[in-house]
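Next up is one chain by itself, shown in structure tokens, the form predicted alone.
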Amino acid sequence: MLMIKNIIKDAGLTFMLGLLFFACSSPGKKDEKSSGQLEQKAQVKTPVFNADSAYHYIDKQVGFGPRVPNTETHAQCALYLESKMKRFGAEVIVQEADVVAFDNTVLKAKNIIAQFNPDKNDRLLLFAHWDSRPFADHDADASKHNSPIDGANDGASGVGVLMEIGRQIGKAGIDMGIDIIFFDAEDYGQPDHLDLPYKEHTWCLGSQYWGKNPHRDGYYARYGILLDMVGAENALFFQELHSLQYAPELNQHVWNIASDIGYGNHFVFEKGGMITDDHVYVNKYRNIPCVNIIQFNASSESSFGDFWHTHDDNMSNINRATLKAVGQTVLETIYRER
């Protein structure tokens, strides 16, 4: 994903409107007219997110090697993701697409779409990218800039969390439609170490394709949640600026839930950066309001941590406590939707 450093310290009117909206609609607020409905909701328990399971799914992806389109390891990992989501009870579509990279390479991309309750029109969308970066363009060792990385945090962590969420949905069931999409070719964007003229829209090629060619005609979801780089120890998730533009109320709602269930140490009520990520194109082409839960580190040069787009993005950086914070927050968010 591409990072635009545009940090705004004043929360402003957008946050106030979000606060007012959810102050009026919070499930914890007493309302005599809907007390029966609230009692019914309370009877449905949110599944418990298993961080060990998510960690295993991340490790398994990394074990295939870099998941770069047009490689054998990419094809092997795609089969693994498809088979696991089917095992969890989802109906799976593998959307194959030829997309053109910044250097005119044609990438054989695969968007993996897992549908729970596909017959239901009322749907929520959860998504992450499953490919890994073909370049280590931020590595301290310049000789490694053109070699692909493991992408344990940048790619595999979001997918691993969503796999565990899918497993829990398959076990517990849910009343509404849930789509989990693993987008491909997100991280094949123009590399920083090459002196190339800037080209727009070279990132997020899989979500761009799906946005224009959804797996279901006229596809729409009530909202979407993107997970990207959600596995590092002590990771902080600031409120991303595109998310505040597209879905300010939802953004505030998710962060409130994280705080309510004890993960406010990870979810920070401050603005982060403006990040070109898959949620931008899901919103642009499908008009689905989306939030991006993504690590933000203002003290690092990249804002994503010192190991971002380097060969240090490996399993040593994956932390179960962070996976738990993100996974349980997302589960709680979707299971409050009744």
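It should be emphasised that the depicted structure is a prediction, and the values quoted were computed from it without experimental measurement. One rule holds for the numbers: they count along the sequence shown, beginning at 1.
Keep in mind that the form predicted in complex with a small molecule is missing from the display, and what follows is about it.
Looking at the small molecule in the model of the complex, residues E186, D228 and H309 each place a heavy atom within 4.5 Å of it. Comparing 46-54, 300-308, 282-290, 59-67 against the small molecule in the model of the complex, the single stretch with non-hydrogen atoms within 4.5 angstroms of it is 300-308.
Using a 4.5 Å cutoff between non-hydrogen atoms, Y246 does not count as a contact of the small molecule in the model of the complex. Contact between W203 and the small molecule in the model of the complex is found at the 4.5 Å heavy atom cutoff.
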